[in-house]
Structures are given as C-alpha cells and as structure tokens.
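Take a look at this one chain, the form predicted alone, written out in structure tokens.
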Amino acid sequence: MPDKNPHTEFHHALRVNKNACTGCTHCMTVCQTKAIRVRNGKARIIANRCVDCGECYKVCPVSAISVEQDDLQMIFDYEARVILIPSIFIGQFSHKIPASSIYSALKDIGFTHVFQVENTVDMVLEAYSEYRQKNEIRPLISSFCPAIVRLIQVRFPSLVDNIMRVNPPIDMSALYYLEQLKASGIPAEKTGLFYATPCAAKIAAIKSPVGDTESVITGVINMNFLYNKIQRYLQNTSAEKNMPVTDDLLNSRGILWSLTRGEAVHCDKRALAVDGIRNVTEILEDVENDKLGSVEFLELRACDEGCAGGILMTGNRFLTVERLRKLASEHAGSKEDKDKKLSDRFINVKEHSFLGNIEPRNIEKLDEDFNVAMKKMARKRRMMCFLPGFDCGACGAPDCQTLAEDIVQGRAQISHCVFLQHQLVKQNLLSHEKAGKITEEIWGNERLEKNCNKIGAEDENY
C-alpha cells in the first residue's frame, strides 16, 4: 500500500467530558508524552502528543475520560457481518463457558462470521523472519502495540527506524478474511469487518493506520460493551443456537501472542518483553542512550500483562492470562497444534505483510527552523532559571520543564507559576487582580470556592 501522508493528524479515541472533569490533574501527571494541560479548570488533550495509551482513562477518579466506539447497529448495513476477536476476548470468560456458547451469543447479537485475529500469527512470524534477515538495525522493535509505535514517533523519533514494518495480526487477519469471503462469492462491498478492541490505541490505529492509507476494517466495537452483552445473553439463554461461520485455526502460538512474551518467545536470540508504558519509556531511553547492550528484539506493550490489561477489558487481567496459558498448554499438547495454520492462498503474504514508512513526529522539536529552535531552547533554559522546579502542576502543566516549553511556544506565561506570581505581586510587578484572573484562566472561576461535595469532603456522597 502507498505511504500515508505523514502530516495527517493522528486520530484519537480518547475524549474528555468537560461537564464531568474536575481538573484534578491525575491524568496530567501520568501522561508519558505530556499531552494534557488544565485550562479553565478542565483537562485538555494536545492531539499531536497523545498516543492513546489510556493511562489517563485509568486514573480519572470521576470517569471524565471516555473512549469512542462505533455504533453496533452499523453492522446491519452489511450482508456478511464479521467480528474479529482476539484470544483475550475468550480469555475473559470463565473456563466453564465453552467457546461455542460465546460464538452463539455473537450470532444472536447479529454477526454472521467469527474470525480469531491470531489465526494469522504464523504468517506474521514468517514476515518477522524475512524482515530480520533484510534489516541490520538492532534492536528491532515490535509494531504490534500501536500506542508504542506512536510513543516512539512522538517521544523517541530517533528510534523510528528500529520499528519492524510488519503488519500485526489484526491487519493480516482482516485482509485475509476479506479475500476469503470474496473467494466464496461475497463481494467486498457487502462485507463488514468489525474488530472487538481491548484498548483505545487500536481504535486510533484502525481509524488512522501508521504506514498505510486506510484499514480494511469497517468498524471497532468496544470489548467491554461486547463482553457485557454476551454475559447477559448467557445468563438468559440456556440452549445454544446455530453458530455463525467460524474458522477453528487458532493454535497455542496465537493464543499467547497478545500476552507479555507472546512474541519474544519466538526470537532465537536475546529478546526482552516489557509491559506497562512507564517501563517501556525507561527501556526506550536506555536504547536511545545505547545502554541496553546486544538485544536482538524488543516486544513492548503499553498495558500490564499485554493486551490482557487493556483499558476496555472487563475481566481481571491475571485471571485472563491464567486461562489463556492453560488453554495454550492444552493446544500445545495436541498433535495438530504445529500444523494448525492458515494457508496463504487468499493473499500474497509478501505483498501484504509489510508496512510503509513510519514517520517521526518529534514533539520536542521547538521549531522547524534550526536557528529559531536553538533560540527557543536558550530561552527555555533561561526560563528554568526562574521556575522553582517543584513540578507541582499548579500552573496547569505537568512540570516546570513543560511550562517553560509552553512559554517559549506562546502557550503560557511565566506568571502561570503560582510561586512566581507571589514574587511578582510582592515586587508590585503584578496586581492581585491580575494574579487572580490568571488563576481563574487555569482553574476556573469556582475552583477555589468552598465545595463540600468534592471527593473526600464531608458531603461527597450527596
């Protein structure tokens, strides 16, 4: 596929509900790309910095951050309604519930076909092998987690060339199954491919893919929403109905793929598997500073325990991992497991396995003009001479370094620092009235008024 225009804005799945947001700064302080500011008492997400990792979603105490999703009713616009499910979706359900019951529930909801995303894992492994042979740069970094790909683009642009330009299983499976249905006589325009996603980053990646012009996936369904619908169905239905069309081709390799070490275990040289976006950030800093040593492959996942820890997962991630490892063990013990793989008769694997260019989007670049950027850097360092370095967040930015950057970029003023405000008022360089207005611009008109309904106050539950 031709390369995507590198200047196109990222699509983002995370949204802030300003009516619910209290401007508590929890989201701002956990963001690894400093993508959140507080203005007028509300959190704001800076689009070109956000990687949709979902850390803000997890820590928001008032559920003011939400994840967009496509309307389930849109599936009925298509004759063939395919639900692409990752193995972790099945892993959320009790081991007492057979997969056939889950498939029946999916048909009752309206899907005509079910395809396991990890059915194409062996195709991906073949592409990995070919990519390693043709590219000498090390360490190679998995392209599986879209939040990590974007993190590298915006915060570690010098490592963009380390990303393996190999389509992850979701894209390979969507391409494969679409062609399979076309071969069976169902035209592409009558086929809807819908992915049950465990996270916001995959929604964003499907809406604006990295390295490609567009995804063949029609829509994205929130996995939490789908899980709850199926649970209600299972509670109210005893007899199984006819199942939708399914391909029972999942093997032990596919079952474990989205969990931590699901990819790294297949590398025959030194490989590291790191989960949790804070841990990933530390590792990428080590790679950037050449401190990691001779590592061949890095499997990096934004969520703890890999996709089992996705923000749209309902089930306990540790129980999900346990169930999937048990299921994989059962599959591995069968004679058919090694031979259980898709043929490539529906797609040309070499043609569809590889991504186009992945462009760096350096958020730390102060200006496109090098001379202007150097002047801004000098001014930023000068600002830091005055800022206290407390990193308290009272200015509406996550730390003093970020405030200094916002100042030189014209997005903030040095008087936004409450400590310098105090000094400026004492020196008669700033009036009390002006200082009050600056505080209101950041925290809103009513933020400092008495409010006994806030979290932890005496009337919290009223």
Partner chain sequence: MQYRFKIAGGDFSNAGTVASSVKKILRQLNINHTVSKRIVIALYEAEVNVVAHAYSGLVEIDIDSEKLRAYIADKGPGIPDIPKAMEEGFSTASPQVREMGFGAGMGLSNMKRNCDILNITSEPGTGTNVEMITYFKPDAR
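Just so it is clear, the structure is predicted and the values come from calculations on it, not from any experiment. Positions refer to the first chain, counted from 1.
We do not show the form predicted together with the partner chain, though everything after this point is about it.
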Report summary line: Assert contact_stretch over 383-391, 314-322, 185-193, 153-161 against the partner chain in the predicted complex, heavy atom within 4.5 Å, equals 153-161
Query raised in the report: Is there a non-hydrogen atom of M377 within 4.5 angstroms of a non-hydrogen atom of the partner chain in the predicted complex?
Result: yes
Query raised in the report: So in the predicted complex, does any heavy atom of A373 sit within 4.5 Å of the partner chain?
Result: yes
Query raised in the report: Even though the partner chain is not shown here, does D337 get within 4.5 Å of it in the predicted complex, heavy atoms only?
Result: no
Query raised in the report: Should P360 be counted as a contact of the partner chain in the predicted complex, where contact means heavy atoms within 4.5 Å?
Result: yes
Report task. Find the only residue in L366, I97, L272, A332 having a heavy atom within 4.5 Å of the partner chain in the predicted complex. Result -> L366
Report summary line: The one residue among D71, E351, E285, E79 placing a heavy atom within 4.5 Å of the partner chain in the predicted complex is E285
Query - Stretch 284-308 - residues with a heavy atom within 4.5 Å of the partner chain in the predicted complex - result: E285, E288, N289, D290, K291
